[in-house]
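Only one chain is given next, in structure tokens, and it is the form predicted on its own.
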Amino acid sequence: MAAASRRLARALYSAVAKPLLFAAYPDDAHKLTLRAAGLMDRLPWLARVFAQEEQPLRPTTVGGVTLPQPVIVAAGLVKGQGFETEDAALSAVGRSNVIPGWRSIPLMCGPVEFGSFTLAPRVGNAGTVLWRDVNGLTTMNRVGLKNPGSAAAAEFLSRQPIDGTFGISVATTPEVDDPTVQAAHVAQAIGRFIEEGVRPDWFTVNLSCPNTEQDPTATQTTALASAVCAATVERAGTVPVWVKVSPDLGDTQYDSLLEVFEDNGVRAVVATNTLPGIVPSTDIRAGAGGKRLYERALSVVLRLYAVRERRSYSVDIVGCGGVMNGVDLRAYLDAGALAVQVWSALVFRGPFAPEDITREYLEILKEGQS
């Protein structure tokens, strides 16, 4: 019955949803996706029509977490509405679905990283914030950390029976430069989830939003990482902590950051966030994901793994950037990652991408053994 429902869901997506989404502008397509996810949140029976099979595809242990498959939905999809104030966000918790996809996306896609959430709510950037290049399998965004804030997110998620494996991403505050203040903000944000009884399988600290500049001398970002990691690991308690880094740092900075993570008990590093660039035919700065990020993110994974092995570190590596199929997944795993995160693959291949990518990878392994 589950397999038949899944086949029906795939047929409906291919025949109806995908043409509708690709006929719309990326911003509008994203809004439609979240509306659909929100609808399925309220109708569990509908969400389960799209649900993955219960049998794990390939159990994988990474960063202190056992996943049913090595493909995770990256932060940025299930993170909720933006608000001007914390009072407004908290007021909305009891009367609306402030985090669309909290139920449906884990059911459809498997492991999901919620967020990123900041200490205070953020409304994000105005105007067009999403772009896609279908031929180049690339997405770009300047969403601007739009989210309801940690207090509202924690209260909302504490009321929900979340099925499946999930992490929570918490971001530093972009306007704050002082590492001590940043560390306090991130620890407070994580504390709000802990206090509300929300215990994800892992927390990810997103260091890369306000720190995407090239900094090969390892100064500001390393100082920030030291302060934030120490505070985060302490506040998270028994929940494993991962850290997400940007793709445009110098080699010595990655070496220094990995040392910071090892020294502070961080369990995994996610490499990488989006690549800063200019949206084609505009002067708008945005972050690129998908295939434009692939080669750079893969090179960062290779660098981190080489340092990890040379220094006998215990920090695991999660790849993130341009994974579209089983071949890409194998490339990251061969480079030293134990799992990957995807976002653009959901845009171009749909909600079944994590399952399909894993199955394609398993087929590659099977063919190699025959």
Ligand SMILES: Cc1cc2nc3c(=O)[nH]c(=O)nc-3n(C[C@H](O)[C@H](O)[C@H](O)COP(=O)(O)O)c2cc1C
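Bear in mind that the values here come from a model prediction, so they are computed numbers and not experimental data. Each residue number is its position in the shown sequence, starting from 1.
The following text describes the form predicted together with the named molecule, which does not appear among the structures shown.
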property: Which of 261 to 269, 74 to 82, 191 to 199, 149 to 157 lines the interface with the named molecule in the predicted complex (heavy atom within 4.5 Å); result: 74 to 82
property: Residue (of Thr232, Gln253, Gln182, Ser116) lying close to the named molecule in the predicted complex, criterion heavy atoms within 4.5 Å; result: Ser116
property: Option touching the named molecule, based on a heavy atom within 4.5 Å in the predicted complex, out of Ala51, Val342, Ala37, Val301; result: Val342
property: Partner contact for Ile99 in the predicted complex: the named molecule, 4.5 angstroms, heavy atom; result: no
property: 4.5 Å heavy atom contact, Gly322 and the named molecule in the predicted complex; result: yes
property: Ser104 within 4.5 Å of the named molecule in the predicted complex, heavy atoms; result: no
property: The named molecule contact in the predicted complex: Leu145, any heavy atom under 4.5 Å; result: yes
property: Stretch 128 to 146: residues contacting the named molecule in the predicted complex, 4.5 Å heavy atom cut-off; result: Leu130, Thr139, Asn141, Val143, Leu145
